[in-house]
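Below you will find one chain, with nothing else, as structure tokens; this is the form predicted on its own, and questions on how it binds or moves follow later.
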Amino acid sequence: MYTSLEHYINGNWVKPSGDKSQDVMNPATSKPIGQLGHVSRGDLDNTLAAADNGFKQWRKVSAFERGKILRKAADLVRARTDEIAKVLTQEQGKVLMEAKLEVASAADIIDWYAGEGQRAYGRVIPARADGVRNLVIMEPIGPVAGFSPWNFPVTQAVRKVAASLAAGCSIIIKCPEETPGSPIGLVRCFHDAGLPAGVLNLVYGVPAEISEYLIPHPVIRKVSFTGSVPVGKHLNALAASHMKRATMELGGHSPVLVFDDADVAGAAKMMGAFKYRNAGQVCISPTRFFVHEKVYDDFVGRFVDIAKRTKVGDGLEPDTRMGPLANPRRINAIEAFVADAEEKGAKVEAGGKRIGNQGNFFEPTVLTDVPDTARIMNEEPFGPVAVMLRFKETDEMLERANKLPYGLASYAFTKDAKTAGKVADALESGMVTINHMGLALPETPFGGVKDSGFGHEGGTEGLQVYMQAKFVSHLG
């Protein structure tokens, strides 16, 4: 057992009372490293009662005092970075350095929300009559049901936890069963920081059973989900049918625009590293590369070289630059994408195959000559595959970049300010970054449009989704 896989309910670490459990697998070895029990309906009832009572207490705690506890939790996360990161790599597969950066980022997110919660101001509206005071008061929305994914099990959970706690809400966070140990390490930091019982609760189990019980429950007033588009649509419909507010951070299929005046070497180096980060299992991972014909050969050559030189292996090995995919399902999915593209005429410039029979390793892959009819041109691959596409006319390329129902993140490289402005205006994405990696900082809003969801995590916007405005008009 690599860590004690207990649930956190009403301020206590407990073994769930359900009779179901599952093995937690190390994706680098395909061997079990722990066993995780599932919550029962009775456990969920206890958790809901805890969250309800926790909210009634926590909302009365001043934002200043809430911030003190959050900052202490952030300090504990930093102190335990190595411990949490090692667990994260063992259960998820990513390179240890990436895991350490994720945990460090989680501490920064907590710190930022600790301060932002103290700035959740209302406003005064000028009255039309003497003696009248019109006030807008920002209040916490209530107990939250949060659902986080396995690709970033610490930061995706902490964005929901830190924002809800800073706003004055309690939260039940359902973290991924594939990667339970690192969220447990995160929650222990909040517990040890002195968070009152019931304010934060952590459960695991059958995802559909938990979501379909929590979301309609009258205690829950807000839903936050990060995951796939189909599941997000289902949960959003469920939340809407019960008049629950929701934040949906869903999938993407990010375009990268490389113009003929770009720093080709710099763009290839930056996007090559980012493409194979976390084995491409990133919702904002660059995937569809639209490269101007004048620099196409240069860019693709450099990118292919990066793919071939990327060392794949166990994330705990110091020379590894890309770890395994998180589970065997991803191997099957990526093999299917590559096979479909090849059948339709695409050329594999690098990679394209599974590595060995132990662990979920796949080669960093680059495809060219990919037709628009290929599945990978229309469905999010969520893996280490980059698609290279040649373009000549900017307007035609922008139309192709925008044609998918996804709209999470977009990237562009150009030295021309006019081109940069046109791209920023034209791209149908919730986030656009030009000539650098400027996404996913604690102080900036993170979210998509179209099928990539709505609402934000990060930034002032990420706090506001856990609050509601109350208007008070007072005479005398």
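Residue positions are given as counts along the sequence shown, with the first one as 1. Please read all numbers here as calculations on a predicted model, not as lab measurements.
This protein has a second form, the form predicted together with nicotinamide-adenine-dinucleotide, left out of what is shown; the following refers to that one.
Of the listed positions (Leu367, Val187, Cys283, Val154), a single one reaches within 4.5 angstroms of nicotinamide-adenine-dinucleotide by any non-hydrogen atom in the model of the complex, namely Cys283.
With the partner omitted here, the residue from Gly227, Gly142, Gly313, Gly352 that has a non-hydrogen atom within 4.5 angstroms of nicotinamide-adenine-dinucleotide in the model of the complex is Gly227. Residues with any non-hydrogen atom within 4.5 angstroms of nicotinamide-adenine-dinucleotide in the model of the complex fall in just one of 115 to 123, 248 to 256, 291 to 299, 357 to 365: 248 to 256. Of the heavy atoms in Pro405, none are within 4.5 Å of nicotinamide-adenine-dinucleotide in the model of the complex.
Among residues of the shown chain, Lys174 is one whose heavy atoms approach nicotinamide-adenine-dinucleotide to within 4.5 Å in the model of the complex. In the model of the complex, Glu102 stays away from nicotinamide-adenine-dinucleotide, with no heavy atom inside 4.5 Å. Although the partner is absent from this view, Leu389 stays clear of nicotinamide-adenine-dinucleotide in the model of the complex, with no non-hydrogen atom inside 4.5 angstroms. For the marked spot (Thr3, Val24 and Asn26), a heavy atom within 4.5 Å of nicotinamide-adenine-dinucleotide in the model of the complex is absent from each of the three residues. Heavy atoms closer than or equal to 4.5 Å to nicotinamide-adenine-dinucleotide in the model of the complex belong, across 138 to 160, to the residues Phe147, Ser148, Pro149, Trp150, Asn151, Gln156, ordered by sequence position.
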